[in-house]
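In the block that follows, a single chain appears as structure tokens, in the form predicted alone.
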Amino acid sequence: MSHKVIVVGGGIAGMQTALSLAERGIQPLLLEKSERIGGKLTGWHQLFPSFTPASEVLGDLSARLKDSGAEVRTNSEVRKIDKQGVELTDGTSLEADAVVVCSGFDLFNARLKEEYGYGIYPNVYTSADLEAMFNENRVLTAEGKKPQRIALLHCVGSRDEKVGQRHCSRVCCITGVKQAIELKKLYPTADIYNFYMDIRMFGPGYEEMYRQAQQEYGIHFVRGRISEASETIDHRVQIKAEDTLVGRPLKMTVDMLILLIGMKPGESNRRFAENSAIKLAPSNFVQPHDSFLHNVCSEAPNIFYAGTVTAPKNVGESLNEAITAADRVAQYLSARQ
């Protein structure tokens, strides 16, 4: 292994990038700011549309990465990226022949949508909170009761100019369908409602899963936004909405309200763009050289991208893009010899 490539970010895109580089005989150094690798996938229960346990995907990827001999450093946060390498927040500089940025995304802070009561009413949760409940096998209300009526609200922190999130997060719709089915499997007699603006089922098996949710599980889909939520005297959540298909207001009391929070650009993006060839798109995700032939490339010849640092993506897309980025790095290093 004669070349050193730094991979910034230890989520699934960073892990797959480092693994693919090692398989090509290129020495990768994977830097992760937190205590462990795996990124957001470590908090997920099952993956759409196959309901594959997230732990299986992450476990297989972790094992192969370990066997590859790739160097992994946790608790190593990158402050600066340039053509020479990276600088960590502790002031350490690391040189590299190439850098692959896989720093991912942040989850939207649902507290910014005060009208829904997240952080105020105990029975308002986010989709990430619900995944944690699935993992703990404990999907109960704040009072420890089995919910009998649950509402899921789409597009919280997506397609919303008021909070500066104009983009579609792409995976929230299918996440809402997946979670609704999981809830129905846990509580077959419960009433599950999905409130949406538009249903965007863009991926293979997604539309079929949406139909299955309605036809086999009896999950209700209501076209309309929830305008506000409030707490009742018995700590349930009262929601007000409009069913735009029939053109009438709707009021409902539920045991749990789940906010399907979107992807937002990583906080590190602006910092990375200050002193390098990294450019930001209007959405503040990182802007690739182009969206077609150079979608994993930056304006600098030795800085590359993979995963959700450039836009919202699903797990499969992030893994495939990581393999493509590793190929581009290998081509770049070969051309320099």
Partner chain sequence: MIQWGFNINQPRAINLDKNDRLVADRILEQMPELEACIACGSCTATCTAGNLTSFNFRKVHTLVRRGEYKGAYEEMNKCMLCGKCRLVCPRGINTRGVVLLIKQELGDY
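A quick note: this is a predicted structure, and the numbers were derived from the prediction, not measured. Residue numbers count along the first chain shown, from 1.
The next section is about a form of this same protein that is not shown, the form predicted in complex with the partner chain.
A residue is said to contact a partner when one of its heavy atoms sits within 4.5 Å of a partner heavy atom; M133 fails this definition for the partner chain in the predicted bound form, lying far away. In the predicted bound form, at least one heavy atom of D243 sits within 4.5 Å of the partner chain. Within this chain, P249 lines the site of the partner chain in the predicted bound form, having a heavy atom no more than 4.5 Å away. Although the partner is absent from this view, F221 contacts the partner chain in the predicted bound form, with a non-hydrogen atom inside 4.5 angstroms. Of the candidates E87, E71, D129, E207, E207 is the one whose heavy atoms come within 4.5 Å of the partner chain in the predicted bound form; the others do not.
Shown without its partner, this chain lists S93, Q148, N75, T253 as candidates; in the predicted bound form, only T253 has a non-hydrogen atom within 4.5 angstroms of the partner chain. Contact with the partner chain, judged by heavy atoms within 4.5 Å in the predicted bound form, is confined among 167-175, 139-147, 153-161, 211-219 to 211-219.
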